[in-house]
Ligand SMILES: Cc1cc2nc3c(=O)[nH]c(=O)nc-3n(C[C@H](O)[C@H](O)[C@H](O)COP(=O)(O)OP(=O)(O)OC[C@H]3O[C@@H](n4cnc5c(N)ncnc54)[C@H](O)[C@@H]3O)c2cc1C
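Quick heads-up: it's one chain on its own, the form predicted alone, in structure tokens.
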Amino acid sequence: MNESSDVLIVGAGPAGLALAAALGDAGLRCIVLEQQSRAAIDDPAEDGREIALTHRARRTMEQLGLWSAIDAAAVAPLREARVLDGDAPQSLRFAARSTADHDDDALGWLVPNHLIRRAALAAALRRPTTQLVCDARVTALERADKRATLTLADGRQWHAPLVIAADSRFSGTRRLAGIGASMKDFGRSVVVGRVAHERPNEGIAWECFRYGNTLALLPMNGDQVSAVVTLASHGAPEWLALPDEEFARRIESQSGGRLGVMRAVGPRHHYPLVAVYAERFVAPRFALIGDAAVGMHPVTAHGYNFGLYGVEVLARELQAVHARSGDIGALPPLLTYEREHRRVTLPIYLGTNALVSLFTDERGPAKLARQAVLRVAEHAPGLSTLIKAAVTRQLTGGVRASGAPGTPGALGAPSR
């Protein structure tokens, strides 16, 4: 079988499907190739991951029809974030304020990953220009002057002027294209589980850099939080094997009892922590999107947000080429996407890795440095405001925080 399209997208994750929807709106035909079965794609399992979405990401989801497909009761506002180090009483606080464009005081919104996946699939398939092919494992990529060809394990071939890889941070398609990636294995894993609590969480996310492990509490609706424990990978099996009562007791203790008595209300999940940054985002007739381009450590919650930012920019560039009947697989528009996406993502990628390294280093000098940061935040309010404004702007995707200049971006006009 030899079939053709305008664009071949490898990977039916939320980034690849959002891109298919955006390109459909631009009048481009997309074939999405996914190695999982259709049943797994149609009904994604709950995986414990809560995705923190910025204002810019939400606008993109609204534009593509993803946001309206998610039950509002499952969307939890993130109104403030606080960072604690060890047992120090000081904390760094990050909060947003209303602007002329947004009267919501949320930093962002937390949404279960499996609901985003389901919404992205529905949005992509609503476009008659999108075709989904499951049980499709890509084994070869060839690129010629005018088109690229993907070969599947069963021998089928697909042709298009452009191939886009959206098949995870460990992308096999990226490797077939000869593009390397910088990978930072933190040697750590996260154990995630939902916990109910007796006191209101008030939409506050806590990031507690304890000695021995890190605890994040992500506020959910219904007096629940998603407890995310980051620890050395060899310690993960013990946390996974804990009885529910002991797991909840540990979370309650490490959070200082801020939310009162806790109890576990769901299964636990386990993920290794590896950050990835591709050496290039594009090549002739080829581009990377989502985690295949940038796979983030989750501490700053930018993973899927970066995927949506990339969708926004790449769709804009391809739409412009298509409108003038140009070659969408030609390198110049792809390079424009790469430059803009790298400018937005690289500083945050490097800064996040540095932050994680500092706050998980338990040697004496690192502890002193962390305490100094918190003291500055408490005793130098002017500098603290500038630091928090910069961080909050990144968290919200361009929405102003108190004391921070800036205006929100929009689909087709990203924040600068």
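Residues carry their position along the shown sequence, with the first being 1. Because the structure is a prediction, the values reported are computed rather than measured.
As for the form predicted in complex with the named molecule, it is not shown, yet the points below apply to it.
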Hey, in the predicted bound form, does P298 get a heavy atom within 4.5 angstroms of the named molecule? yes
For A22, is any heavy atom within 4.5 Å of the named molecule in the predicted bound form, or not? no
Is it the case that H302, even though its partner is missing from this view, gets within 4.5 Å of the named molecule in the predicted bound form, heavy atoms only? yes
Please determine whether L115 contacts the named molecule in the predicted bound form, using a 4.5 Å cut-off between heavy atoms. no
So which stretch, 285-293, 336-344, 69-77, 255-263, is the one near the named molecule in the predicted bound form (non-hydrogen atoms, 4.5 Å)? 285-293
Three-residue site P14, Q36 and I51 fully in contact with the named molecule in the predicted bound form at 4.5 Å by heavy atom: yes
If the cut-off is 4.5 angstroms on heavy atoms, which of these, Q319, T214, N201, S168, is the one near the named molecule in the predicted bound form? S168
Just give me the single entry in V276, I179, A236, A136 that has a non-hydrogen atom within 4.5 angstroms of the named molecule in the predicted bound form. A136
Pull the contact list for 179-209: residues with a heavy atom within 4.5 Å of the named molecule in the predicted bound form, in sequence order. V190
